[in-house]
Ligand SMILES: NC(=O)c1ccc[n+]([C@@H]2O[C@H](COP(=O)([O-])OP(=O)(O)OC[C@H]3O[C@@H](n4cnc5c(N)ncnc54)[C@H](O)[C@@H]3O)[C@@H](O)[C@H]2O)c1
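Next comes just one chain, in structure tokens: the form predicted alone.
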């Protein structure tokens, strides 16, 4: 008997990391994808970068809205019959500034997308995974949630919360057969660095013993957590940061 295909839903699939994760998982055998993002243009670009044989559906969704996240999971189950893996990857950086100079909206935006977005992914995912008694939920955190980045408090605080959220969810849903983990990337090349002056980028790179990475350097961790090879891994924060947090 042919084993069932693996169904993966990825929110925040439109950025550099989301596109790389999508391409990696699409290249793996017997995998169906449901990709979502707030930007149709970014989502289209991700789809264009997938292997020609990729099995994919797309939907626009704002992760800060639970109903919209639930629509992603609903699409997966209606189109492919079930849902095995959810990758919660949407996130935003905060403005560069010290805590007292950042207004309330800056804090609310970071909490709404980075933290509440992860919460909504978990809520929506367990709703369809618990009846099957299995599933893997992968949250994108950051090494900034384990270290201190000056002038980036909303981002650091929300990513630290995502790490703790993964741990609590892992404990709460283990008996339901659902694993919850997170990946903590260091700084990697993406569009947000395009306008940085070369000396600023060099300074950031200098803090990573292996230099700046790329999104492709991160996808192995997601591939592992999305696979049966990680069946005994839950509540983990896998750091992939080029050595940034080592010193």
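Numbering follows the first chain given and starts at 1. Predicted model, so just to flag it, every value in this text is computed and none were measured.
What follows is about the form predicted together with the ligand, which we do not show.
Among heavy atoms of residue 38, some come within 4.5 Å of the ligand in the predicted bound form. Remark: residue 182 does not count among the residues lining the ligand in the predicted bound form, judged by a heavy atom distance of 4.5 Å or less. In the predicted bound form, the ligand stays beyond 4.5 Å of every heavy atom belonging to residue 86.
Taking the partner from the other structure, the ligand in the predicted bound form has no heavy atom within 4.5 Å of any heavy atom of residue 31. Proximity to the ligand in the predicted bound form, defined as a heavy atom within 4.5 Å, singles out one entry of 141, 118, 137, 124, which is 141. Scanning 160, 170, 102, 113 against the ligand in the predicted bound form with a 4.5 Å heavy atom cut-off leaves one residue, 113.
Stretch-level contact analysis of 127-135, 89-97, 170-178, 74-82 against the ligand in the predicted bound form, using heavy atoms and a 4.5 Å limit, identifies 89-97.
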